[in-house]
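Okay, so here's just one chain, in structure tokens, the form predicted alone.
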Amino acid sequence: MSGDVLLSGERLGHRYLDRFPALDDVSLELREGEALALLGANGSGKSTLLKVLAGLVPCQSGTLTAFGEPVSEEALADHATNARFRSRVGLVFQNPAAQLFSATVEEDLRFGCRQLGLDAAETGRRVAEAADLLGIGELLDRSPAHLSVGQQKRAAIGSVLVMSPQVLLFDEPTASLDPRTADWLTGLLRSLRDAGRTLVIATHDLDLAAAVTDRCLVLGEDHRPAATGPTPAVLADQDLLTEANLVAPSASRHPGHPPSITVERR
């Protein structure tokens, strides 16, 4: 990977309530134009790591650097540093309802532009561009609370895309989506990657990782890195995936597994 290093974490650690481990000794490096998958079972620390990378959760141990500058509570307390960082890193939450808080979808999309201090013309251009890309033009005047989960997901992505961040972080982007919407979202992520956006995708959807990402960082259930490497090599390591609780143990290892059942379609 030849791009510049955008985010770099060294021995990151975090405990909730100072007792419950969420991350332990996690190091990673993200280069410009790269699509990185954070793989791990539920509770392994993927979401916490994304929030650390987004500057929403402080790393209690280790160091995080973004675009050559340290990221810490002290650094982000500076208004200029905070604004610069927030404009370059965007996080799409797993639950889109947590990201949509305005009366209409359009207001949610405009909010990010206002945070950047954009004028009305540029804001209108960005909102229209994002709405067209995401197919939500007819939803702009609707309340996010009255949308389906798939529509909310599109609106939440739009609220981040309008800010045109260099790094896009996605937390379980296909969770709770029907197959058609999940397929559409996979295609969108591929398009963003092909357009040169830098992506970090936290997921246990191995098909999504295979379709979109270049490299994987696997977090074990002990909240520590279990492996890192090119996506094809990681996904081919069945022992690793089993140990990380990303796939079920092979049926061949369990002689007492139930017989297969043939389903007749009508």
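Everything numeric here is computed off the predicted structure, so don't read it as measured data. Numbers for residues come from their place in the sequence shown, where the first is 1.
Heads up, the form predicted together with a small molecule isn't pictured, but that's what we're talking about next.
Checking Gly43, Gly62, Gly229, Pro58 against the small molecule in the predicted complex, a heavy atom within 4.5 Å turns up for just one residue: Gly43.
The chain is drawn here without the small molecule; in the predicted complex, the stretch among 47-55, 230-238, 206-214, 66-74 whose residues come within 4.5 Å of it by any heavy atom is 47-55. The closest non-hydrogen atom of Pro21 lies within 4.5 Å of the small molecule in the predicted complex. Interface membership of Glu106, defined by any non-hydrogen atom within 4.5 Å of the small molecule in the predicted complex, is ruled out. When the small molecule is considered in the predicted complex, Gln94 lines it closely, a heavy atom lying within 4.5 Å.
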